[in-house]
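Next up: just one chain, as structure tokens, the form predicted on its own.
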């Protein structure tokens, strides 16, 4: 693991998720840019002293040379520190599992893409919501034609934790509200999740977008609210709302898709239930692991219906699928990769360009 040392939220999430299916063991790390903190973090996590590294460059070189070197590295750093480690490990022939978004800048995204193209190693981007069982069920339903031809797709991701300027020293907020480290505000942090989920389930390809970004908190240098219109190849229309200043919203990721034969609706805060309405028929509540559901909702669930599954298990599905991909046991079709990462980078850049031009449409 690169990053994710003491005080880092997302590093702990990745470590827990990777262990859920007993497919991974954490054996090496460059857990902080501060060598003392890196060593202390490694000791807390049971990493042997000789496999605790002071830098990702040292780690990539040393692990590639070991007979028992790592199978993959998880990169859980802030956005501006994705490209360096990703390129180093890919060039060393080591598989990369990277947190989203792909990078802080389009240039860094292209650096990673070039390294992926030149390497035999795999690259996985952890858009964890694609691992939720009912999201994979929804993807199957759309592909099967249950909704008919899609006309309208709506995604939103609303939070309230940045409604006010954060207290000094808030590590999670500090880098996310710094354009140099984050690249984008809400559109990069959570907007890329909503946009990725919309594409993952619908299968639609964006042709253009128009965005209105706002920074409501005085002095904030990144966006904290965005309204985005989407046009898709084939004629479907869409909209994404992203906000981190919506009081009462905790982690309000929602997805709604409507075709000429039916519609579905899913809310992340209650991820074990999905509404499905065939046109002209009563609405049906589909439950994760429930009667009549196979495929995504069946194979990607671990516990009986009525026992909640969610955030950690969604991550765990990606780590399980990554293990299978690296072992040659699946084709990685459900795993976000470099294409998803580059699509997210286009989304961020296009939103910023459009908003800078008073909401003008930006074509692909």
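Numbering follows the first chain given and starts at 1. Computed from a predicted model, the values in this text were never measured in an experiment.
The form predicted in complex with a further copy of the same chain is left out here; the points below concern that form.
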> in the model of the complex, does residue 37 have a heavy atom within 4.5 Å of a further copy of the same chain?
Replying inline: no
> Given that the partner is absent here, does residue 171 sit within 4.5 Å of a further copy of the same chain in the model of the complex, heavy atoms only?
Replying inline: no
>> Test of understanding: in the model of the complex, would residue 21 fall inside 4.5 Å of a further copy of the same chain by heavy atoms?
In response: yes
>> residue 129 versus a further copy of the same chain, in the model of the complex: is there a non-hydrogen atom within 4.5 Å?
In response: yes
>> Can you tell me which of 335-343, 56-64, 318-326, 300-308 lies within 4.5 Å of a further copy of the same chain in the model of the complex, counting heavy atoms only?
In response: 300-308
>> Heavy atom within 4.5 Å of a further copy of the same chain in the model of the complex: which residues of 66-105 meet that condition, in order?
In response: none
